[in-house]
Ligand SMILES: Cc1cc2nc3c(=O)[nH]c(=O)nc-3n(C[C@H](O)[C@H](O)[C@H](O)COP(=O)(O)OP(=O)(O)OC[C@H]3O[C@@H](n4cnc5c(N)ncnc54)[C@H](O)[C@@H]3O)c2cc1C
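Here you get one chain, nothing else, as structure tokens; it is the form predicted on its own.
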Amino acid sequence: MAAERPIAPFGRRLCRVGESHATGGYRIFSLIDEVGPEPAPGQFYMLTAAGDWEGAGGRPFLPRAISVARTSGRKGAVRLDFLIDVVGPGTGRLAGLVHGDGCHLAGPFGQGFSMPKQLNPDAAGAILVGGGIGIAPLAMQRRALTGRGVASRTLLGFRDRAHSGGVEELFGCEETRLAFEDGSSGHTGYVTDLLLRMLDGDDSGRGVVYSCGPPAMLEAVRRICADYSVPVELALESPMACGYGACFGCAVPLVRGGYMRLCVDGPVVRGDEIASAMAGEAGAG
């Protein structure tokens, strides 16, 4: 069971952009939240640019569910940093925000990551496995583990160097191993290759894995951890309309039958609880 999650104030609130800059193929921008609590690693927010949120044809865009990559400050002045990849009109508008712009924010929502001992009483450390924009919530979890004196190793995968933004800024270089599908640097291939190599050389009975990334990568991580009997928590992505569990747009099937709503029961879930990580595949951003 995860630690008690910070509860979101009801409704959305207007925040101002404090900073915005490019990092690799992505963008990091910060919001100053004067009302909400500091989020837990793995929680997310629903974001809507205050201006120009409708397309030329008048189409209203739903808020975008974005995980937090980094926080600082405390309640009354919490700085929230978000890592954005432009994949559609909504994320495009968020990526275009600059200092002083307004952004409507609701959250923090969802269940965050557990600590290793909550997943495995014999845990001696953790492995973090991220891919693409999914590195964001893992950056927060790594800082939480470090703050509690928990040893961790980080494996990050990208399709090429141009889409590996945020690594140095959010993770630094210590205990971070990189994989690139195009062979431009680090390991040539998938980040799951690095995970297999690490589990082969470890006492897997004393470890836990945390992962976030593309659905196909998460499904591969889920299966690998099942083969090695390693507890794993996955931060899933899914199209979301509300964040409050009302629309059932983010429901994923469970192994025991029935469904869970990622916005309230996730987005962090145990790998052995879900039928497939592919069920959380995100739609257009």
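The first residue of the sequence shown is number 1, and the count goes up from there. Being a predicted model, the structure only gives us computed values, none of them experimental.
Missing here is the form predicted together with the ligand; even so, the following discussion is about that form.
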item: Complete contact of Q111, G130 and V269 with the ligand in the predicted bound form (any heavy atom, 4.5 Å); value: no
item: Option touching the ligand, based on a heavy atom within 4.5 Å in the predicted bound form, out of N120, T91, T176, T71; value: T91
item: Position in contact with the ligand when the complex is considered in the predicted bound form, options M240, L218, L31, C225, heavy atoms within 4.5 Å; value: M240
item: Non-hydrogen atom contact D85 with the ligand in the predicted bound form at 4.5 angstroms; value: yes
item: Contact flag, A65 vs the ligand in the predicted bound form, heavy atom cut 4.5 Å; value: yes
item: Interface membership of V232, the ligand in the predicted bound form, 4.5 Å heavy atom rule; value: no
item: Distance check, V209 to the ligand in the predicted bound form, heavy atom within 4.5 Å; value: no
item: Answer range among 153 to 161, 133 to 141, 192 to 200, 99 to 107 for contact with the ligand, defined in the predicted bound form as heavy atoms within 4.5 Å; value: 133 to 141
